[in-house]
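Just one chain follows, in the form predicted alone, and it is written as structure tokens.
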Amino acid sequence: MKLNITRRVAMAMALAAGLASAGAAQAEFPDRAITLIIPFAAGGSTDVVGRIVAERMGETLGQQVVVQNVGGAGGSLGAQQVAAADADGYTILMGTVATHALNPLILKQKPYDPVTDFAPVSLLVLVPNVLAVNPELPVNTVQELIDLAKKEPLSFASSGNGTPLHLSGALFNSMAGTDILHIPYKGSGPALTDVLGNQVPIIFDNLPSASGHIKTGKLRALGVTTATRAASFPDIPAIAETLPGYETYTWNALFAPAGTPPEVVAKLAEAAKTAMEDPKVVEQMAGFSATIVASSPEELAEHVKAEMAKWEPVVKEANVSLD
């Protein structure tokens, strides 16, 4: 009997030690580098935001946050990689409106579910898009563009089929009662080149991408796509001033794989919030025309659902689908 009691005590002590060890290991997150997947090529707005945030989060977490660009399929390849990763917080995604609202609505083959395959961490920033024209087009306001588009055929360039910029134009057509032809390009750079050369007269682009050409007068900005004017360009009206209710924007948010422990998600969210409150980051984001949000995981989850509900009718009306 004494031997049995001794064994039981030993087993209980071993179990307690194991639980304590597991708890300590969990509390030590992160104990190695974290990989942040950017689902687009280097150099774009998502990449720039991601690298700024990764550096500052790494300082807070005490471990390096390593950026890895996994481009392709409009961001779906990188998002799919994170959805399939271990749910331990060491592989996270810089998601966007494309990865978590548009692609799931547009792609015929669904490589992941934007709601059930991810653990939301934090909505970081909102980035305005802009409607701009080649200066040779004889319009100076959104209303003048609408009037001209109802009289003669016009076309607009975007960074590609099914992108937020394409659908910004589709929403504009729907609300303005116009039929401006969409010309898709393989990226913002080629689209800008042809608009600057007046091969296509109109473009929807990210404001940061087009800002340099707007400042030099090579593009004439008619309106930003956010509900209110951008702080970095207060003289550019919001399209909503002419078309009430019009609003689109690009956003960047952090996601982890579904099943990531809540305490790990909370630690990542807190590090993201700290990063976005850093004065240097605030200054960088302001220069980038980005509005800082730094939401909670719960707020990001609601944001994703709202974005999908918003874009579903636009996608259907524009009849956009991709293999």
Partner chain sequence: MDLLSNLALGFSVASSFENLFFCLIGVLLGTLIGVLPGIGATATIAMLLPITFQLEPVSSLIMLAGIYYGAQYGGSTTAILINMPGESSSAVTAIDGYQMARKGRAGIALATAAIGSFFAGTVSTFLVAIFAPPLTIIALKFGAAEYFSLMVLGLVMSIALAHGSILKALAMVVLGLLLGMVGTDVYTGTPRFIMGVREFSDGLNFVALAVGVFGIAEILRNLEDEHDREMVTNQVGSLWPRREDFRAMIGPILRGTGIGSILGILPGGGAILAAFASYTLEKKVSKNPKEFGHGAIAGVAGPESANNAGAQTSFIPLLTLGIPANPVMALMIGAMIIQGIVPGPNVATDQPRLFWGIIASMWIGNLMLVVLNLPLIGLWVKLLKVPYYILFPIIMAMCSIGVYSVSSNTFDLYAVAFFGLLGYAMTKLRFEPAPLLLGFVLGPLLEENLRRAMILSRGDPSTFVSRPISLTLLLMSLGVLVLVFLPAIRKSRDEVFIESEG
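Residue numbers count along the first chain shown, from 1. If you're wondering where the values come from, they're calculated on a predicted model, not measured in any experiment.
There is another form of the same protein, the form predicted together with the partner chain; it is not shown, and what comes next is about it.
Contact annotation: the partner chain lies within 4.5 Å of heavy atoms from the stretch 186-194 in the predicted complex, the single such stretch among 238-246, 141-149, 125-133, 186-194. Looking at G177, you'd find every heavy atom of it more than 4.5 angstroms from the partner chain in the predicted complex. Although the partner is absent here, T116 sits far enough away that none of its heavy atoms falls within 4.5 Å of the partner chain in the predicted complex. The closest non-hydrogen atom of A73 lies within 4.5 Å of the partner chain in the predicted complex. In the predicted complex, the partner chain sits beyond 4.5 Å of every heavy atom of K267. Taken together, the three residues Q68, N161 and Q199 all lie with some non-hydrogen atom within 4.5 angstroms of the partner chain in the predicted complex. In terms of contact with the partner chain in the predicted complex, the residue from L137, L154, L105, A227 that brings a heavy atom within 4.5 Å is L154. Put simply, of V48, A258, A294, L61 only one has a heavy atom within 4.5 Å of the partner chain in the predicted complex, and it is V48. In the predicted complex, A42, G43, D47, V48, R51, I52, E55 are the residues of 37-60 with at least one heavy atom within 4.5 Å of the partner chain, listed from first to last.
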